[in-house]
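So this first bit is one chain, no partners, the form predicted alone, shown in structure tokens.
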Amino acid sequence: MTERRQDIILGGVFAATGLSAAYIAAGYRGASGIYPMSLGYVIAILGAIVAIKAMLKGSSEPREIIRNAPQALLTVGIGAIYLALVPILGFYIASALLVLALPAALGFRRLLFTFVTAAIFVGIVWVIFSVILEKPLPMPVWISY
């Protein structure tokens, strides 16, 4: 498959997914739908940009769909472990572990940068969901007892 076709399909999928998410989020009550609706629109716009750019300047050269299959499988596996850990460890701990483990598994070795990134990510998510939106995220299983 050519680069142009891959980018048009990918951009179209992201645009459709973003618009669907925005449409669904528009039905949420109160302010709880603003963040997912905005995120859906951003994803839709970025997807449209990718598709339009590919239509205008995309290459007709063939391109592999997956360049590094072992790393792609590793990423999917870590994502599956993350999803399994969220109900046990809670969203914040599981997400911090994901942000720490994924770069290390893929070869990124700047530990200080990784720890700072994990702390900033968890802090931003906490501010958005717990402070601004006041929406609880899954907590560790030991806190629910």
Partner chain sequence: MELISQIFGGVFAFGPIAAMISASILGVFIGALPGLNPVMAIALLLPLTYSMEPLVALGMVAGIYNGSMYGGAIPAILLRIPGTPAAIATTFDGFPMAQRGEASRALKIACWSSAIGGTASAIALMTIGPVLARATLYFGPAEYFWVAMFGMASIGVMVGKDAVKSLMAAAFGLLLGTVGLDQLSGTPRFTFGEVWLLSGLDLIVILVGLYALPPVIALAEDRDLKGLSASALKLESVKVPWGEVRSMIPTWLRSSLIGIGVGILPGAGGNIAAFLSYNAAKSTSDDPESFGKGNPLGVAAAECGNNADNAASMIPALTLGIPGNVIAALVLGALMIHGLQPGPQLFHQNPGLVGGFMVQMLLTSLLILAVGGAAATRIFAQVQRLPGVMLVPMILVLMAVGVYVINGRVIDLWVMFAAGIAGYVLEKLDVPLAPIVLGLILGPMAEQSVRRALLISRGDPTELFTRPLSAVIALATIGLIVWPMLRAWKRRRA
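Predicted model, so just to flag it, every value in this text is computed and none were measured. Just so we're on the same page, rigid core means the largest C-alpha set that superposes within 1.5 Å between forms. Numbering follows the first chain given and starts at 1.
What comes next is about the form predicted in complex with the partner chain, which does not appear here.
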> If you check in the predicted bound form, is residue 59 within 4.5 Å of the partner chain, heavy atoms only?
Replying inline: no
> If you check in the predicted bound form, is residue 16 within 4.5 Å of the partner chain, heavy atoms only?
Replying inline: no
>> Can you work out whether residue 43 and the partner chain are in contact in the predicted bound form, taking contact to mean some heavy atom pair no more than 4.5 Å apart?
In response: yes
> Any chance residue 127 has a heavy atom within 4.5 Å of the partner chain in the predicted bound form?
Replying inline: no
>> Within 4.5 Å of the partner chain in the predicted bound form, counting any non-hydrogen atom, which residues from 120-136 show up?
In response: 121, 125, 129, 133, 135, 136
> Taking the rigid core as the reference frame, is the Cα of residue 27 displaced by 2 Å or more between this form and the one not shown?
Replying inline: yes
>> Quick check: residue 87 between this form and the one not shown - does its CA shift reach 2 Å or more after fitting the rigid core?
In response: no
